[in-house]
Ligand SMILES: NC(=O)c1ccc[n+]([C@@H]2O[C@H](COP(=O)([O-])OP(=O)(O)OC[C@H]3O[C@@H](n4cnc5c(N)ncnc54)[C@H](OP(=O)(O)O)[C@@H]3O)[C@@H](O)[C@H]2O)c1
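In the block that follows, a single chain appears as structure tokens, in the form predicted on its own.
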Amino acid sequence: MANHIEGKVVLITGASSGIGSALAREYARLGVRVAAIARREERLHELVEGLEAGGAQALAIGCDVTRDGDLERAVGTALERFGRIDHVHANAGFGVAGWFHTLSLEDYRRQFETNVFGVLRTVQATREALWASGGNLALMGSVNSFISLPGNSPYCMSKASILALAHSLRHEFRPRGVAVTLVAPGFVQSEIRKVDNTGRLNENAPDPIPDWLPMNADKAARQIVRGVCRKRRIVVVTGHGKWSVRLQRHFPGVTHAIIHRFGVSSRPEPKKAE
């Protein structure tokens, strides 16, 4: 695979941490030039410095996917530097948690602005470059694209929307030679479970998921890149994620019964730092 994609260019949103930064490291390892995009520019520059120290070509671009015009500017910067874009990972996102009666419409709008409209902005800004290269578009969904949990309706709704978008774009982009992949991770090592409903990171918040369950982000990135480069329609990451999606697909009643019987629900919103 390395020879197949070496020298190509990938653009990754949400690249300052978690799966996004792991994707940047994996692509750089394979000889791909990296345009890393995120709001936290200090972290981006640290990431890019590390990639360049390993001999990779990389570029850090500060960008907020919720702000109109930011992605067009970022894509222009990437094209000016690298001349093309072959792979796009619309990875930026976070999770709004809470029971329906505790949430406001603004909570739902904030969730969709990043997880849905941020993805749409990314696709719109990179569409022409991808059509020109006949490249690969990867949309970051979730196991929650398939399974909705109580206490998590904003996030589940947003990720189900990305599943629908991937299905539609797969048909629309195919004549242009662009493959569309939905990436659906289960629990992966990241900061997402420490981000509150306003999108603020609470570094001291405990991770509600036991240490043994989340997959290492670098391992997840290897699986994602392999699936995207093989032009798979859907890449479900983690064993527990694959098991959950299969159960929902083939035995939805069993999934419902498990959630109801054992009181399965979403993580709570992390407490704000003191």
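Residue numbers run from 1 along the displayed sequence. Bear in mind that the values here come from a model prediction, so they are computed numbers and not experimental data.
There is another form of the same protein, the form predicted together with this ligand; it is not shown, and what comes next is about it.
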May I ask whether 14, 91 and 192 each come within 4.5 Å of this ligand in the predicted bound form, counting any non-hydrogen atom? yes
Check whether residue 39 has any heavy atom within 4.5 Å of a heavy atom of this ligand in the predicted bound form, and answer yes or no. yes
Does any part of residue 34 reach within 4.5 Å of this ligand in the predicted bound form? Heavy atoms only, please. no
Residue 187: heavy atom within 4.5 Å of this ligand in the predicted bound form? yes
Non-hydrogen atom contact residue 159 with this ligand in the predicted bound form at 4.5 angstroms: yes
Contact residue in the predicted bound form, chosen from 236, 228, 65, 60 - any heavy atom within 4.5 Å of this ligand: 65
Work out which of 133, 114, 197, 153 lies within 4.5 Å of this ligand in the predicted bound form, going by heavy atoms. 114
Heavy atoms within 4.5 Å of this ligand in the predicted bound form: which stretch in 138-146, 72-80, 98-106, 169-177 meets that? 138-146
Stretch 19-37: residues contacting this ligand in the predicted bound form, 4.5 Å heavy atom cut-off: 19, 20
